[in-house]
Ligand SMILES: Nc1ncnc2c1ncn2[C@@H]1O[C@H](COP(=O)(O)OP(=O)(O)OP(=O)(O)O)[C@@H](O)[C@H]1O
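Coming up is one lone chain in structure tokens, specifically the form predicted on its own.
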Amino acid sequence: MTRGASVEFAGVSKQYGLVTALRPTSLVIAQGEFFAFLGPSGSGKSTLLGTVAGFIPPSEGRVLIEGSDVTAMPPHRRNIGMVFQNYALFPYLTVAQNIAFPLRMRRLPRGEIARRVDRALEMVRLGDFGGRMPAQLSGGQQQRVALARAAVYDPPLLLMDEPLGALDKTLREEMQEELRQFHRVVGATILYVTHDQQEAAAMADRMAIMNHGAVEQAGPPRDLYARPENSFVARFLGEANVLRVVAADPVAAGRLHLRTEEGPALLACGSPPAGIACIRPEDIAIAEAPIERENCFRGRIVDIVHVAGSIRYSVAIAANCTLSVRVRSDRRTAVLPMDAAVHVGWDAQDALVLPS
């Protein structure tokens, strides 16, 4: 198994004339981590990855791999594997020849190349596909070939830029499991860029949420979801009902009575400053009868969406306030009808109080 390399960004920024693509960023990724950069288009995640690869020289700051400053080092000397969204396979070479290409560039002996190619093919479960051409493979199989080629020379660091973006939903979910298994087998540090929050949360040990060229928050996926530090992270990572707070009055230690711009007043756990209150849809209970929760409101169902394994209700509880409520669904779940009068509720601890 390859020993992963640590990566450090020390005040790395990037300017293109008057345009700031990346604001000063400092971040440390540990050896062997699967670390994802998540954010909307133009948030700076691919720019940050490009500074590690050596394709994008930073305007300021340093990039360190295993403690060594590689900021001025050319890409071919960094010993980094890369996997791109379009796979970048050579169409006129066989699968085995594609995987062998980086080894031939390093002038390894033929016997060693053959041994490593066979090992790489087995690692991605394509042992019988070495003689095929890329055009004879499915999208998922081509992705596995790209992974094998990136890992065949045992780099301690693998960079992946939207590698599953070209796949359909079902295949993308299958490949997420493939990548998790691949990471466990290879042992290299993986830096992974995506705009898909579910993809990042499913695979990464830690991730960084990026916006306008800066890291908004970094940490394990569950921590970011349960304890977002601001409204952007709360909204971007999963669904969120966000109410804007106009006044916050302490009622007990760690508890606030909030008045909101949308109308509803509610109890929440937290401390000032309180710019918004965020309630996750799955934390809200819904029923036709009153609900015994610290926050309970009457409302009317205005929309129903059935998604895999759950039902999402839109419930209007005030003229300017509609909440999203998500409940688990199976064959025994009774579906509430459109326009039904209902009660929704949640406890104070389920309302996250965040700065604007």
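Quick note: we count residues from 1 along the sequence shown, nothing fancier. Given the structure is predicted, the values throughout are model-derived calculations rather than measurements.
From this point on, the text means the form predicted together with the named molecule, which you will not see here.
K.L.:
Could you tell me which stretch in 318-326, 45-53, 23-31, 300-308 has residues with non-hydrogen atoms within 4.5 Å of the named molecule in the model of the complex?
P.N.:
Partner-contacting stretch among the options: 45-53.
K.L.:
May I ask you to state whether S68 is within 4.5 Å of the named molecule in the model of the complex, using heavy atom distances?
P.N.:
It does not: once the named molecule is placed as it appears in the model of the complex, S68 has no heavy atom within 4.5 Å of it.
K.L.:
May I ask you to check whether P40 falls inside a 4.5 Å heavy atom distance of the named molecule in the model of the complex?
P.N.:
Within the cut-off, so yes.
K.L.:
State yes or no: in the model of the complex, is some non-hydrogen atom of V19 no more than 4.5 angstroms from a non-hydrogen atom of the named molecule?
P.N.:
Yes, V19 sits close enough to the named molecule in the model of the complex that at least one of its heavy atoms falls within 4.5 Å.
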